[in-house]
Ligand SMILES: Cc1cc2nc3c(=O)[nH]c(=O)nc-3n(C[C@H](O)[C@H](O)[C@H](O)COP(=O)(O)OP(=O)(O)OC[C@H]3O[C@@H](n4cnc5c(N)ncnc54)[C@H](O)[C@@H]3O)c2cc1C
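Here you get one chain, nothing else, as structure tokens; it is the form predicted alone.
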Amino acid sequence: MDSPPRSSVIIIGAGISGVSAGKVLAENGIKDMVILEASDRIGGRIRKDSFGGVSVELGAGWIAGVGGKESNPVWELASQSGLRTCFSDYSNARYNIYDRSGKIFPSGVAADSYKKAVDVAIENLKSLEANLVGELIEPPSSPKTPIELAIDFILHDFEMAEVEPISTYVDFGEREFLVADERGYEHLLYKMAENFLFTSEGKILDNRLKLNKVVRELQHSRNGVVVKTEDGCVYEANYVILSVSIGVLQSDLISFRPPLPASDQFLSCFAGLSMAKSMSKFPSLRAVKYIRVHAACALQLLVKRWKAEAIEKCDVMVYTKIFLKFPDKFWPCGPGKEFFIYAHERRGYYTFWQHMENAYPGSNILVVTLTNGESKRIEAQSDEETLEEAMGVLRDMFGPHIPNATDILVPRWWNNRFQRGSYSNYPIISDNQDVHDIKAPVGCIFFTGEHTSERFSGYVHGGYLAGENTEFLLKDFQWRNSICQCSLYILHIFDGLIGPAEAILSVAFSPDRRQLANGKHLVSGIKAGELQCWDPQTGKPSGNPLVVLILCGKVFAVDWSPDGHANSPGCDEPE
């Protein structure tokens, strides 16, 4: 099978992050890209399906964060596209709590239980914070009664457990809107794609988008990336943007060659170096021998356990919406009745319900939300078993004579190997270091997705903004493809390193090994780059790469031999 020509960038995953990243790259003149999507459609965890005569959202369904001081970018896209939405008010759900006998808990009891649950959550948070600083505080008692368990589920599972103030609500507002449009939430992605991909009558016909391409191997080196798919295709590029879910990163779907960083070494050659003191002595280059002595460490520029550990530490939330179609309504409708709760002795057992009459009047559809362990359990059983369980719960609440559901739809996000869950769920107490580490690039691999958003992880707008935030790749791309004349400052740094400054010649190559120019020059940028070393004695190429490390605004350069040793001439040890 013939391999396609080399691209500048490969984007793996055509969810909202991948599509928004492609749009930003195109806007910055980088149109030589390929998008590899494992499924037969774009959208990722934004996915609609036809059920009961209407379009329902199997994954992300709400636009959260509307009406605040700043405009939510996803809400802006929805407004521009005329996407139909319905306001959702969860606050009344706590007053629609049914016990197993079909009685609704009195509003006073419900309010007290809710307040108690909030107080317990705050005490738990204080306990966690105290434990971090070595204090021992006994955590409050866990919820035990059915109503306590139900409200605890609502606070911590249905609504993501986040520490106040919640960034989404502070920045964008506290209102939430359910998408209720026949075109689906995914329509926003198709509108974005129109900005840089060729489309016709709402269909993407651009051959840069490759559907049903399951990436199984990603080889990466300083020369770029080689991506291999399940059907035997091979794609090469200078960079890759990995826009897959955190669940996929934790799975074995994509193998990395070499593996993602899993060593405890990270520039240990600089660990004991007083950067300020040594750098202040440039151009004496007293630090060069230190670099030379620790050449093996410097070669492993990005080898630290931070990447692999951060990925494994991130929790994956599984969020399952089960849709049930009925011949007619038997549940209460009207103001404050859209959401209702089932209190059971088992936490999370078919707890949170919603009717779709506000979104689609006359649809006669109910939705029940399960999470995590319950989600995985129902994914492992047949739809018939799930229907029987759900009907048992509904008959507890509304009596034995309600009609049977005529249809059921059960998404399976956990067992979907292209998703492996619904969204990331970071610990309540966190210094955001894990987010930074997951987001940090490894060589020419750049990571994006809602799980890389420090302030909006778990949200659609978090995925959108993460995709737009391609500044690191753009800077690196511009650096590798730009040439600037070598200044006296740069020449002075080279002095004493591989020969007299006036004797230094160099040849710069693009990532695909095309010669860009020769003479006295250096590529500019923020990361490590390569120049061809020239032997000052012979005036010919030495055959060794010149590794240029630009750290803290200063430049280190080492002439590396093929066996991995530095050929820098002797310099004093750093003081």
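Note that the structure is predicted; figures quoted are calculated from it, not measured. Counting begins at 1, following the sequence as shown.
From this point on, the text means the form predicted together with this ligand, which you will not see here.
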So, in the predicted bound form, is residue 460 in contact with this ligand at a 4.5 angstroms heavy atom limit? yes
**Prompt:** Does the 4.5 Å heavy atom contact test between residue 213 and this ligand in the predicted bound form come out positive?
**Reply:** yes
Indicate whether residue 51 is a 4.5 Å heavy atom neighbour of this ligand in the predicted bound form. no
Q) Is there any non-hydrogen atom of residue 22 lying within 4.5 Å of this ligand in the predicted bound form? A) no
The one option of 254, 393, 121, 405 with any heavy atom within 4.5 Å of this ligand in the predicted bound form is 254
The one option of 30, 34, 46, 66 with any heavy atom within 4.5 Å of this ligand in the predicted bound form is 46
Check: Quick check: do 8, 241 and 441 each get a heavy atom within 4.5 Å of this ligand in the predicted bound form?
Finding: no
Within 4.5 Å of this ligand in the predicted bound form, heavy atom basis, the matching stretch of 76-84, 112-120, 420-428, 350-358 is 420-428
In sequence order, the residues of 37-61 that place a heavy atom within 4.5 Å of this ligand in the predicted bound form are 37, 38, 39, 43, 44, 45, 46, 58, 59, 60, 61
